[in-house]
Every structure is written in C-alpha cells, then in structure tokens.
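The form predicted on its own is given below as one chain in structure tokens.
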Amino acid sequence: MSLTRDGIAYRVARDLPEGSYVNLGIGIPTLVSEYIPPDREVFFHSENGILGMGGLAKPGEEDPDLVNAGKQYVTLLPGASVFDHPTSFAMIRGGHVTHAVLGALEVAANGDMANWRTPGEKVPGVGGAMDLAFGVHNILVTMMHVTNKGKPKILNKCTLPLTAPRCVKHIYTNMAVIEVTPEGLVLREFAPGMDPKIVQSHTEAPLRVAANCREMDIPAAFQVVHATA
C-alpha cells in the first residue's frame, strides 16, 4: 500500500498544532487545509496576500478574485484578511509564519531542499520558496517518495540546485513520515502494509528506525495498492 496525494495531506494536517500560522505551497500542500480536525484552529497564509484562508472553493462557488498562490479558487474563514505582497512577505521574512508545507523535487539527509528548478526547464519556478525556507522555522515537505522512473527523491546529497540548505524538519511521502535530525533521517511512520525495510529500499539516504516507529493510522480511502506510485 501507499498513500494518495490526499492521504499525504491528511497526515500532515494531523501534525499542525493549535494556533499555528501555516503557509501552503503549490501541489499536495494546497490539500492540507481540507483535513484540519474541526476542533483545531489553524491559520492558513497564502503568499499572494491572504491570512485566514479556508479550503478550496466548491465547484460553482468560486470567486474569481479569490485565489491562492497556485491560482486555485479558495475560501476565506471568518476574520480573514487580504493584503499586498510586501505585507505578505514581511510576515514570512519576519518569522511570523510558524510552519510552511512545501513540495520538493529532492531532499537530502541533512535537510537540504531542492524544489525550484529541474534540468531542461527554461523558466525556473522558485516563487516564494526561498523566502519561506529561510524565514519559517518549521519546513514540512510533501512529495512522492520516488520519481516517475522509480528513482529515490530522498538522497544523501541533492543533485538539483538548492532552494535552501538544512531547512527541512519533516518529510511526508506516500510511503513514510521521516524526521530530519542533526544525526540523520529518522523513520517515524510507514504506510499501511509496508515496513521499514521497504521504505529504506526506496530511499538513498540511510534511515534510522525510531524506537516507537509505527504504521500510519490513515483511512482506507487514502490508500492505494501501488507502493511506488
């Protein structure tokens, strides 16, 4: 088994603490707001100028003037505010955003992250990722565990240009939850039906298995029968 994209977002949502201020990157991260427990208050920030962002807008209820940084139609929660880019980035650079959930192309064993450029692309896609990587203390990465060619994306050393060095704190993939520590990567959880050996076989960097490592508690709707999907 492995997790769907929504399954990864669901698992991240369970780890965001009460009262946190969270920026959501493009891709899987945008799904996280859909799965926050109803009894928990989390304030979502979008770098194009929103604080108090709700979930994605339902079909037919879209407001053309209300989008997130990925140009998806979103909603606002009561008390939300909208503002300009300078104010938004002042929040990020000033350390007022507590968590950022970002997609990545590669993550290294020491927490280096590469997510803005791949070989052959003429136009880089850095967006606000560098500001977030340097300005936010808790960087949570969401991604598929391997490439579409089956190559590991969690490496000893990134091969792509870095977004920022030593910035990632946790990695959430369709196979595992991994913590980045000064001593290396620690496997905290694995997808249902897997085990630490399977996760390691799809990871270039060495993993230490936590003493309390366990199988993820994920609803069946978020599981698929493709370990490397």
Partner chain sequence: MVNKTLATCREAVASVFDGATILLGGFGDPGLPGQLLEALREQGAKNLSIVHNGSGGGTHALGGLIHDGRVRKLTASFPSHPGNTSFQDLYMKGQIDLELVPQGTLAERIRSAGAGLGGFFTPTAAGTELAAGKETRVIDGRDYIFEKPLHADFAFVRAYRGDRLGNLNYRMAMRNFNVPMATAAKFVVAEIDELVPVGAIDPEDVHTPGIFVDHVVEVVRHPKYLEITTEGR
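Residue numbers count along the first chain shown, from 1. No experiment lies behind these values; they were computed from the predicted model shown. Whichever C-alpha set is largest while still superposing within 1.5 Å between the two forms counts as the rigid core.
Below, we turn to the form predicted together with its partner chain, even though it does not appear here.
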Quick check on residue 69: any heavy atom within 4.5 Å of its partner chain in the model of the complex?
yes
With the partner left out here, check for me: in the model of the complex, does some heavy atom of residue 165 sit within 4.5 Å of its partner chain?
yes
May I ask you to check whether residue 189 falls inside a 4.5 Å heavy atom distance of its partner chain in the model of the complex?
no
Contact flag, residue 26 vs its partner chain in the model of the complex, heavy atom cut 4.5 Å:
yes
Only one of 52, 196, 55, 161 has a non-hydrogen atom within 4.5 angstroms of its partner chain in the model of the complex; which is it?
161
Does its partner chain come within 4.5 Å of a heavy atom in each of 146, 150 and 219 in the model of the complex?
no
Residues in which of 174-182, 32-40, 57-65, 199-207 have heavy atoms within 4.5 Å of its partner chain in the model of the complex?
57-65
Take the rigid core as the frame of reference and indicate whether the C-alpha of residue 56 shifts by 2 Å or more between this form and the one not shown.
yes
